[in-house]
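Take a look at this one chain, the form predicted on its own, written out in C-alpha cells.
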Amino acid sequence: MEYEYLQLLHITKKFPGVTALDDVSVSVRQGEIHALVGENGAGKSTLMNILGGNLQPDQGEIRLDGQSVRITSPIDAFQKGIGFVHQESNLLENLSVYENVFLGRERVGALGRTRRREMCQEILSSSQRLGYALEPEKPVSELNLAQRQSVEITRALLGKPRILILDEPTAALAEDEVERLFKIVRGLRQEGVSILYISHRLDEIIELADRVTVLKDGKLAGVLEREELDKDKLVRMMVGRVIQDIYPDRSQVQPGRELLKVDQLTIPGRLDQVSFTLRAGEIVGLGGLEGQGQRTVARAVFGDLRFTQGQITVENAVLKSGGIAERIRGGVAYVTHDRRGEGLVPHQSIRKNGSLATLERLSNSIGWMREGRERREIQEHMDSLQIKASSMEQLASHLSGGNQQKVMLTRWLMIHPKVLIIDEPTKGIDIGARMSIYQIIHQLTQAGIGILMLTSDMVELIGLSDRTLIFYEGRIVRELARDEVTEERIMKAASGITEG
C-alpha cells in the first residue's frame, strides 16, 4: 500500500443553519496529485480552509506523516509544511515580487537590514527550477494573471511544503499558461510534494489527477483511482439528487412581451458576445460554476459594470454602458448576493432600508421626505411579503436572514420594476424562509415582472427557472428549457463538456 502522508479523518464542520462538512474523510498519498471536486457548496473550500488553518473543525482529526496535529492558523499550517494558493489573489499590488513572496518572512541581517539580494536570488533559483521567469524587483501591479499566480506559487513553496493546495488555479489562465502550470505541478509531484487540486474543470482533472475525491452536499460521495476516471461518472457522483417538492408549479407559465434584450454584450477578459432575452412573467436562470460570467452579466445589465461592445434594451429603450440611476428609472432592479456588504444598511431601520431606491420619488419639490406616503408603502410591502418584525423601525441587523432578504426585495419592489435581477435569492436562509421567497418570486412573475436569477444552488436553478442559460468562460454555452433541464446536463455544460 502506498504511503498516505495526509489523513483528514471524520471531519465535521457546522455553521449557523447549515452543516458544511458531515463526517468527511480524505487521504492523500506522498507525491500524489489528488483532485477534490463537487458542486458549489459541496464543502471543498471548507475542507481546505480547515487544512490551511483558516477554520477549525467541530469534530475529526488531521494526521500528518502519521502524527495527529491541530492546525491553529495559516502561519501554523505553513510551519507544518502546508502551502495554499487561493483562487483569489492575496498579493499587494503596491509591493514588488520579492516583497510579496517574503512578506512576514523577510531575510534580515545582523543589523536588522533586509537581505534584498538574497531574497531576489532565492526567487530566481525557484523560478528556474520550476520553469518560469519572474523579475523579483518588478511591481506586482505590472504582472499579468499567470505571472501573479507564479508569485503565489513561489510564496507557497517558500517553506518547502510537503502539501500544496491549489484552489481553482486555472480559472483565469490562457491555454498555454495552463500547460505551463501543469508542468510545474507534475514537477512538484516528482519531488515528492503532495498536491491537493481543486477544480470544476473536469478535463483538467482527467488529465492531471492520480486520484479524485468527490464531495456532495458536505458528504463524501466517493473516491476514484486514475484508471476509473470518467467524466460521466464524475458528473453522476457530483449530482444525482431529486428535486424536493418545495417549488411553485411553473409548468403552465406563458411568458408575455419581451422586456429585456441583451445583444452581443462584451467585456474583454470577462464576457464574450453574450446574447439573450427576458420576457414578462418569465424566470431566466443564469447557471454555471462560480466566476464564469453570470454575475458580470447581471451587473452590466444593472449598469454597475461598463461594457465595450453590444447593446442592452429594456422595452425598446436602449441603455448606455453604465448608469445605475438610468436603470432604476427604467425599471431595472438588482437584489445583490451580498446582503451585509452591498445590500442592507444594518444599523438602519426596515423603513429606511426599504425606501433607499425611491428617495427621489418619495421626496417633495424641496427635498423633504413625504414620510406618511413612505410609511404606507413600506407597511404594504411588509404585509404582502410577510416580514416578521416588531415594527418598520426595527433595525435590519436584528432580523433573520429570510426577513433581511425580504427587506431588500421591498426596496426594489418600491421602484415598480419591469426587470428584477435576483442574485442568490436564498443564500444563508433556512428551508421555511426559502419556500416563502420562492412563492414571492412566483407571484412577482404573475404580476408581469421578468426575473433574471443567479444561483449557485443547482436544484434551486432547476426548480425555479423557465429557461436556464449555462455560462462557461464568459460565454453562454447552452440554453435549456424547463422540460429538458437536468443536473447532469447543467454540470456537463458548466464544465465545458459538449454533449453529442
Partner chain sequence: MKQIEQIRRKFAAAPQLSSVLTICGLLILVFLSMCGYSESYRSTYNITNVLAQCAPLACVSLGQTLVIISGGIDLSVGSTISVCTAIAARLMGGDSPAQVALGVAVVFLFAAGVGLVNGLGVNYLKVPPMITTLCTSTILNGVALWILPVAGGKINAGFARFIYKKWDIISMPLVLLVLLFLATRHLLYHTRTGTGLYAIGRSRPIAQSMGVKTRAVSVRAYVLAGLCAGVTGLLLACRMRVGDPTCGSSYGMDSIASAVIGGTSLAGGSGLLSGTVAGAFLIGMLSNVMNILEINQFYQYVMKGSLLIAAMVIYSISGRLEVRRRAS
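Numbering follows the first chain given and starts at 1. Quick caveat, the model's predicted, so the values are computed rather than measured.
Keep in mind that the form predicted in complex with the partner chain is not shown, yet the notes after this line are about it.
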(message) Counting any heavy atom within 4.5 Å as contact, can you tell me which stretch out of 182-190, 258-266, 137-145, 197-205 lines the partner chain in the model of the complex?
(response) 137-145
(message) If we define contact as a non-hydrogen atom of the residue within 4.5 angstroms of the partner, is S251 a contact of the partner chain in the model of the complex?
(response) no
(request) Consider G131 of the chain shown here, and say whether it contacts the partner chain in the model of the complex, taking contact as heavy atoms within 4.5 Å. (result) no
(request) Determine whether any heavy atom of V108 comes within 4.5 Å of a heavy atom of the partner chain in the model of the complex, and answer yes or no. (result) yes
(request) Examine N100 and determine whether its closest non-hydrogen atom to the partner chain in the model of the complex is within 4.5 angstroms. (result) yes
(request) Could you spot which one of T308, N90, N316, T72 gets a heavy atom to within 4.5 Å of the partner chain in the model of the complex? (result) N90
(request) Have a look at T114, Q273, Q121, Q386 for me and say which one sits with a heavy atom within 4.5 Å of the partner chain in the model of the complex. (result) T114
(message) Going through 148-165, which residues have a heavy atom within 4.5 Å of the partner chain in the model of the complex? Please give them in sequence order.
(response) R155
(request) Say whether the C-alpha atoms of G291 and L143 sit closer together or farther apart in the model of the complex than in the form shown here, given that their separation changes by 3 Å or more. (result) closer
(request) Can you tell whether V97 sits closer to or farther from G291 in the model of the complex than it does here, judged by CA atoms, where the change is 3 Å or more? (result) closer
